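Here's a solo chain for you in C-alpha cells, the form predicted on its own.
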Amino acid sequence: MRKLTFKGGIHPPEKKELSENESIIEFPVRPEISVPLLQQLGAPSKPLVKKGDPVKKGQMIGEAQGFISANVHSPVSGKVKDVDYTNHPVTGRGISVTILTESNNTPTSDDYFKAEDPEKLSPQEIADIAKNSGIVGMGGASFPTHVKLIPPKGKNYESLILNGAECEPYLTADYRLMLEKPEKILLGAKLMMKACLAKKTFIAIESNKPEAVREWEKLTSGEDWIELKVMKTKYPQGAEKQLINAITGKEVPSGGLPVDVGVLVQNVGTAAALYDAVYSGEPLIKRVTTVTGAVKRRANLLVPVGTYVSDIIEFLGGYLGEPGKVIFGGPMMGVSQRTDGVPVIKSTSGILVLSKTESTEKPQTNCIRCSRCVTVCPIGLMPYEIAARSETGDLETAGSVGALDCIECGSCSFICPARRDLVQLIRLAKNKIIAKKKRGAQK
C-alpha cells in the first residue's frame, strides 16, 4: 500500500516500544478526584453543584457557557468536597469540583442514558448528544466536537478523516484503542459521517503501527464508505492540515479551517467517545492515557477524568529515580507540569516522565542562518525570521511572515543546531498579535 505524507517534518526518536504492547487497563477509582471546569478550548463551564452536595456517576456538574464550551460530568459517585481553584494542567490554576468518592461507586445519574435507536438519529440529534455528553477532541486539541460536526451555513463536508496517526513520540493510547476497541471507532465514525453528511471516511494510520494497519485492512476491506490510508512515519503527520494535504491533496488556506476544503478531521478516540455516548449513554468521563518514560511500570490506562497524576504514578510503582519533568501529552507539543498534584483532563493523551538527564536543556547560541527550520516546517514558514521579529517586538512583520499560521509543532526547535527556543518565541508573537487584535475589536 502506498504511504502518504506531506512536505517537511522531522523524525524524532519514537520511544513507542516502551508502552505499545501494554493492553489497556481500567484504572481503579481513587478516594478523591478533582474535576476541572475547563477541559476544552473556549470558556469554562458553570458549576452546577456546591460544597456538600451528593453527586452520581455521569451527573452533569458543569454547564457549557457560550458557543465554544463543553459540559462537564462527574466520573464517580460521592460528595462534593469543594468547588474552588486548584491545580490545572494547562492554565496553572482553575475552578474544579473536588469529589470524595463513595466506597461502593455504582450509582449513576438519571441523565445517564442511551439513544433508543441509534440508527434513526438525525444529524442534529447526533450533534446534540455529543454536546450534552461533553465530548471534545481527544487528540489533544480538545475542541468541542458538536461545534465541528455540523458545518457552518453555506459550507459542507465531503469527507471525514479519522486521525489514528498518533505521531507524537512515546504515545500509544490511540494505537491500543485501534487494536482493542475497533468496533467502537467504526460505529462512532458512522455516526460522525451521518452527522456531518460526508460522503467518504478515511482512517489514517502511520506505518510504524503494522498491527493496527493489518487489523484495519481487514475491517475496511470490501467497505465502500471507509478506506484505510497508511501514512509515512513522520512528525507531525497527525496535524490536521498535514493529514488533509497528504490524503486529499487539498491545502487549507492561510487563516482558514478544514471545513473550507470540505474535510472534517476527528481523532479515533473521539469517535469511540461518541459511540459510548450514543450506544451506552455514557458522557465523556474517562479516557485512555499512556503513562510512560521514567516510571517503574509503563501502561495504557483507562482513567477517570479528575484523577491525580500522583495517584497514577503510585499505582504504577513510582518514579524511576528523581523526575526531571512531568509532561501532559508528548515531548513535542506537551505541557510541562510544575507538580504531579494535577488531574487528568479530557485532552490528556499521555503522561510522560522525563529523567533529570533527559530534561536538561542545552545552552542556546545565536542563529547561524542554516535554514534547517525552514526545511522542516510543515507549513512552509520561516521560523527563524518570525522568532527574530518576536524578540525585537516587531509584531507587524512577524504577522506578515505567517506567525498566526504556525501550528506550534516544535519541529523547528527540534532541528535547530543552535538550540534556539523558536516555537516559544513564535507562540509569544502569536499571543501578542491575537491580544492586539482583540483590543482593537473592543474599541
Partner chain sequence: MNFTPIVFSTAVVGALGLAFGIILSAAAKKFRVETDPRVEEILKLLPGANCGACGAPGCAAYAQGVVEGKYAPSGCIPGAGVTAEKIAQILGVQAETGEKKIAYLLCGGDREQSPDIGKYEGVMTCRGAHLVISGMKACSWGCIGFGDCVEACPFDAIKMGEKGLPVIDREKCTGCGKCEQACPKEIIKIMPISIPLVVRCSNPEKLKNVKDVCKVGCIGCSLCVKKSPENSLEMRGNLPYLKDAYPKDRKLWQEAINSCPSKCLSEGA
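Numbering follows the first chain given and starts at 1. Note that the coordinates shown come from a computational prediction; the quantities given were computed from them, not determined experimentally.
What comes next is about the form predicted together with its partner chain, which is not displayed.
Could you confirm whether Tyr85 comes within 4.5 Å of its partner chain in the predicted bound form, counting heavy atoms only?
Tyr85: yes, in contact with its partner chain in the predicted bound form.
Do Ile25 and its partner chain come within 4.5 Å of each other in the predicted bound form, heavy atoms counted?
Taking the distances in the predicted bound form, the answer for Ile25 is no, it never comes within 4.5 Å of its partner chain.
Do Glu119 and its partner chain share at least one heavy atom pair within 4.5 Å in the predicted bound form?
Output for Glu119 is no: heavy atoms all beyond 4.5 Å of its partner chain.
Check whether Ser355 has any heavy atom within 4.5 Å of a heavy atom of its partner chain in the predicted bound form, and answer yes or no.
Ser355: no contact with its partner chain in the predicted bound form.
Among 146-154, 337-345, 240-248, 170-178, which stretch has residues whose heavy atoms lie within 4.5 Å of its partner chain in the predicted bound form?
Result of the contact check: 337-345.
Tell me, which of Ser142, Ser159, Ser359, Asn132 has a heavy atom within 4.5 angstroms of its partner chain in the predicted bound form?
Looking at the other structure, the residue within range turns out to be Ser359.
Listed residue that, although its partner chain is not shown, lies within 4.5 Å of it in the predicted bound form (heavy atoms), from Val278, Val90, Ile226, Ile327
Answer to the contact question: Val90.
Residues of stretch 416-436 in contact with its partner chain in the predicted bound form (4.5 Å, non-hydrogen atom)
Contacting residues: Asp421, Gln424, Leu425, Arg427, Leu428, Asn431, Lys432, Ala435.
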